[in-house]
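Heads up, the chain below is alone and in the form predicted on its own; it's given as structure tokens.
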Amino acid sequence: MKHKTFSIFYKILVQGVFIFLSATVIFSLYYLISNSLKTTNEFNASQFSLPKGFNFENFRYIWTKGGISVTFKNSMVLCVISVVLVLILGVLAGFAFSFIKFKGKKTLSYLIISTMYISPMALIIPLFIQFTKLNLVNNYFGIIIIYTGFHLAYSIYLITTYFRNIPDETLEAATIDGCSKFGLLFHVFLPLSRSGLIVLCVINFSLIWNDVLFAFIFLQKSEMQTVMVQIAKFQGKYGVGNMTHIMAALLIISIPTILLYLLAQRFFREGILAGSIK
């Protein structure tokens, strides 16, 4: 009886937490969208009411005069290139660690995983000094190297986990059919790990898209900066007097990640299950 009561209480608690989180997300989106469509006078009168009309002037101002269009393109290019590089390198490394036998494999995998525990804050000054000497500050190639390096370790770890969960019988059958090592990678490993790889790409894209620290330090020229740095500048430039502009900018930069999560939502459960331990 006690176990049944506890089970019911646990289910109610879990459902309550999910309802609370869902309500928080829905309210945040409502607050962001409604205020981005208001004039400054409407916002000052009431932050929680519906807008009186569809005022797109805030978006037009932010996109043109606010410079969001340039920084948005910069962020998109950096994110796509970095995510693709992380995926390619992660897949090749994960394939080697999960399938190919070579000396020192376990030691090398531990060394790669250990880099996940290094704080990015501890590396900013050494990286900045080194990148300055190599002329990689205010250089897209330099920031791509940083993004790729900091997201590669856990990507290799997750991809290796996905690949190791592929049944040995499947690999043996493909090998008997004459499949080469790279044939196994492209015809067995990648298709069976598709969900996990898509989830990993979405997570990496979100993390890189939302980065402010590295973009602010290593891309100091205004025409090269990312959209998140531009938003930080907006908050200092406009303050609380033009919150409708800031809301419009926040809504614009939220669109890529929201669309990615909506498009990839069906892969999240499959990806989590694919990455679970046998």
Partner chain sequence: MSACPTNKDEKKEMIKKIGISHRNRLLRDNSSAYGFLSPTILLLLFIFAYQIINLLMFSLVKWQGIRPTNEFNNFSYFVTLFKQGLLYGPLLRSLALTAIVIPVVILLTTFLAHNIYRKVFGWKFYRWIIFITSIIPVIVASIVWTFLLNAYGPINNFFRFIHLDFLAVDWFGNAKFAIIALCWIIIWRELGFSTIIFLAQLTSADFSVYEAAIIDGANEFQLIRYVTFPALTNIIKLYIITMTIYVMNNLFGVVLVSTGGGPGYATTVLEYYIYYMTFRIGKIGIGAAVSVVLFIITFILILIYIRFTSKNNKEGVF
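Positions refer to the first chain, counted from 1. This is a predicted model, so every value here is computed, not measured.
The next section is about a form of this same protein that is not shown, the form predicted in complex with the partner chain.
Not displayed here, the partner chain is approached by residue 104 to within 4.5 Å at the level of heavy atoms in the model of the complex. Residue 164 belongs to the set of residues with a heavy atom inside 4.5 Å of the partner chain in the model of the complex. In the model of the complex, at least one heavy atom of residue 28 sits within 4.5 Å of a heavy atom of the partner chain. The closest heavy atom approach of residue 55 to the partner chain in the model of the complex falls outside 4.5 Å. None of 146, 83, 188, 200 but one reaches within 4.5 angstroms of the partner chain in the model of the complex through a heavy atom, and that residue is 146. Contacts to the partner chain in the model of the complex (heavy atom within 4.5 Å) from stretch 104 to 129: 104, 105, 106, 108, 109, 110, 112, 113, 114, 115, 117, 118, 119, 120, 121, 122, 123, 124, 125, 126, 127, 128, 129.
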